[in-house]
Structures are given as structure tokens and as C-alpha cells.
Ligand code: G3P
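Before any questions on binding or motion, here is one chain by itself as C-alpha cells, the form predicted on its own.
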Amino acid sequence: MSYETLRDALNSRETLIFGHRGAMARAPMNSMAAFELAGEQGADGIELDVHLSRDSQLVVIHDDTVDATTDGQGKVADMTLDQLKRLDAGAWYSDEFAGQGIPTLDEVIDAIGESLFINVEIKSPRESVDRLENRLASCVRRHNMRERIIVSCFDPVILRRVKQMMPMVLMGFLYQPDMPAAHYLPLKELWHEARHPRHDMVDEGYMRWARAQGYFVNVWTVNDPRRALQLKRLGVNSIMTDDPATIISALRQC
């Protein structure tokens, strides 16, 4: 895909494919190996999760603890970047990936920012976002990525604060069917360009509504090729998948 900006790519008639935490079906999630593999498989972009370390560094990991995906234990927010870098974040997946570390957002952008779009999901709690949003804004400016990333979050208050810091950057509101109605109230004060629903919320009626509102629709997490084809025909703008190779192969047959 030859689009320079994510907005132009989303405005195209193509359905973009984003590797969910990279190509996590075939490599450890949120690792450099998974991100690079997603690119090799032909993905248009990657989705990743960011937390703040104790020394305010943006690190790419899904959980707020390191327990599930490293050989360490403890909360990410309680550990310095140096401590996090000493952990093995690949051996839990398979011996083939032993030695993979927890990457920083800077490292990911340096490696693939020019070739892949990036969906940055904010995982840190609301009380730490003051530090995170400043770090994220600085990182985006430093790498000139304003037009190549989208920031997503389940918390509309966090998105609103980040949008104030980075008005040019696309924002996507993540949600799923079981969220209480009160959770949506802050959206009245948030200008955001995209909705990120769980894929089973999307049908023809949903797409008519989203188009009338002017939203891009980026769905998660789709690993069934038949469902991916349905969503492409419905006109979603992008599909997040754990297995880009399989979904891309299916869509090429459409």
C-alpha cells in the first residue's frame, strides 16, 4: 500500500489489515518479532499496547504486570526501564523466541514506523495518563508520526485528554457490548475520528449509522476468514487480527 498517511489509507476503498499485538498467532505478542512478522506477512499496520514504566518510559506490553509474558513478576509501573529490559519476553511463547525483550515505543517506531501504520492502545490507568500523554506526544513529534498513528482506548476521558495534546492525531474509541451506558457519556465532549467496536457488534445497520456519523470503523479481533470477508463486504475500514497472513490470503480471494 502506497498511502503516506493513515487517514488517506482509511479513506481508500481497501480494507486495511492490522496485526493485533503484531502477528501474535505466530510470535510472542507485543514483541519486535511479532511486529516484524506482521510486516513480512503483508499487514498494513500493527496494533500495540503501551504502559509507563516507573521512570516514565513508554513500554510495549499488554498487561499491567509482567507475569504472563515474561520470566519476571511485578507491576510494570513499579519497574524501571532497565529492570524491564532484563526480562525475557519471548521464551514463554516458545524456545524459538527466547531472548526477546520488552520493546519501547521508540524502538518499535524506529524499526517499522516508516513501513507500517501503528495503532497505539493506551493501557495505563487514568491517574497516570498525565505523564503518559506527555511522553506519547513527545514520541510522536520526535518521530514525525502524527499522520501515521491512531491512538485508541476504552476510556473516553483518556482519549479526550490525549486529543487535546495531539489534535492532529486520529483517535479511536474502543468498546464492546457489555459496557454500561454511563461509560459513553464523556463521548459528548470528545472529537474522535474512529470507532473500534468488537467485530460481532458490526452489521449493515451499524455501518449505516457509523457512516452517517462520519466515523472510520476499525474492528477487533477477527481470526475467522469467513467473518473477515463479511466485514470487508460491509465496508469496514480496517480489521485487527492475530493472524494477518491467514486473513490477507482470504481477502485476496474476494
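Since this is a predicted model, take the numbers as computed values, not measurements. We number the residues from 1 along the sequence you see.
Just so it is clear, the following notes concern the form predicted in complex with the named molecule, a form of the same protein that is not shown.
In the predicted complex, at least one heavy atom of residue 49 sits within 4.5 Å of the named molecule. The named molecule in the predicted complex is not approached by residue 54, whose heavy atoms all lie more than 4.5 angstroms from it. The named molecule in the predicted complex is approached by residue 154, whose closest heavy atom lies within 4.5 angstroms of it.
Residue contact with the named molecule in the predicted complex: residue 227 places no heavy atom within 4.5 Å of it. Annotated contacts: 17, 195 and 217 are all free of the named molecule in the predicted complex [non-hydrogen atom within 4.5 angstroms]. Annotated contact segment (heavy atom within 4.5 Å of the named molecule in the predicted complex): 116 to 124, selected among 116 to 124, 81 to 89, 67 to 75, 137 to 145.
Between the named molecule and the residues 109, 132, 170, 174, the one pair within 4.5 Å by heavy atoms in the predicted complex involves 174. Interface residues of 60 to 88, taken as those with a heavy atom within 4.5 Å of the named molecule in the predicted complex (partner not displayed), are limited to 62.
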